[in-house]
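This document opens with one chain alone, in structure tokens, the form predicted on its own.
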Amino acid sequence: MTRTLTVAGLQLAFSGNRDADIAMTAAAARAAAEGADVVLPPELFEGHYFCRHEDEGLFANALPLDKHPAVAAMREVALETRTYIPCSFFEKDGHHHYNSLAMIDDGGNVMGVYRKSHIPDGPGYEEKFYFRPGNTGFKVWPTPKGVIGVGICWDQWYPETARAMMLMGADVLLYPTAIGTEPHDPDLDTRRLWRRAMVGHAVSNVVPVLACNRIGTEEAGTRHAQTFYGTSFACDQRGDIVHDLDDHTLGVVRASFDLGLAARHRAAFGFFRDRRPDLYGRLAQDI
């Protein structure tokens, strides 16, 4: 049976003005929504990627789900365009702060929240200062066309994230991202590694993947300057690139996936038939 899901991933650049960046992302989502079932904005689109340095004043930007302007804006777009939108946002829950994602359905309702599980900590990506590790566990989201699994940025490097969402029934994997230059090593360019990691998830799980990143140089002229390399892409269940963008162009990655065909391929490969969870206990040990 043919089950076609059309996804649209936004590759955007941000000004650092919160209201303007949310409004710009909402406008881009509206424009991309025509013919799409799912529209995916980049990670933390409510402004510049602020985790490149530690500033306690930035905690004031975190808000609860029901008061967050990014979530409110995407709810309006989802209702207006009848699309599903995984909406990344800086969440405050009591005294805790999370890098979170609200899954919004095609009626503008919040289906639930996923909190980023893997939190990086290194030069230019000092997220452990801001975010508590997620306590929701991995999540997948049912839609009439198929089940959507969504990880957030650093989650995308972990095969366990992809496999867990697949075992929960995902038909497609989506990854909103903010990644670019490495301040400690100007010669390190991770864009090829970044893509290969996710293409690997597509191949080893026989599942389509969409990843969208930001572009542009933020905090230019300061010691915290960082350039984001875009290269957003969609690949099919074979790992073949269906659509991608370069490292500097604003745009939309658009792809239509036959989820029924992907499911047949997945069954034929036998990866899930031949799993040996009785041998995998070591994966759940800390040392």
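Counting begins at 1, following the sequence as shown. All of these numbers come straight from a predicted model, not from anything done at the bench.
FYI, the form predicted together with another copy of the chain isn't displayed, but the following is about it.
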Heavy atom contact within 4.5 Å of another copy of the chain in the predicted complex, the stretch among 151 to 159, 68 to 76, 104 to 112, 207 to 215: 151 to 159
Can all three of 30, 55 and 100 be found with a heavy atom no more than 4.5 Å from another copy of the chain in the predicted complex? no
Does any part of residue 138 reach within 4.5 Å of another copy of the chain in the predicted complex? Heavy atoms only, please. yes
So in the predicted complex, does residue 96 come within 4.5 Å of another copy of the chain, heavy atom to heavy atom? no
Touches another copy of the chain in the predicted complex: residue 163 (any heavy atom, 4.5 Å): yes
My question is simply whether residue 239 lines the interface with another copy of the chain in the predicted complex - judged by any non-hydrogen atom within 4.5 Å. yes
Select from 92 to 130 the residues with a non-hydrogen atom within 4.5 Å of another copy of the chain in the predicted complex and write them out in sequence order. 117, 118, 119, 120, 121, 128
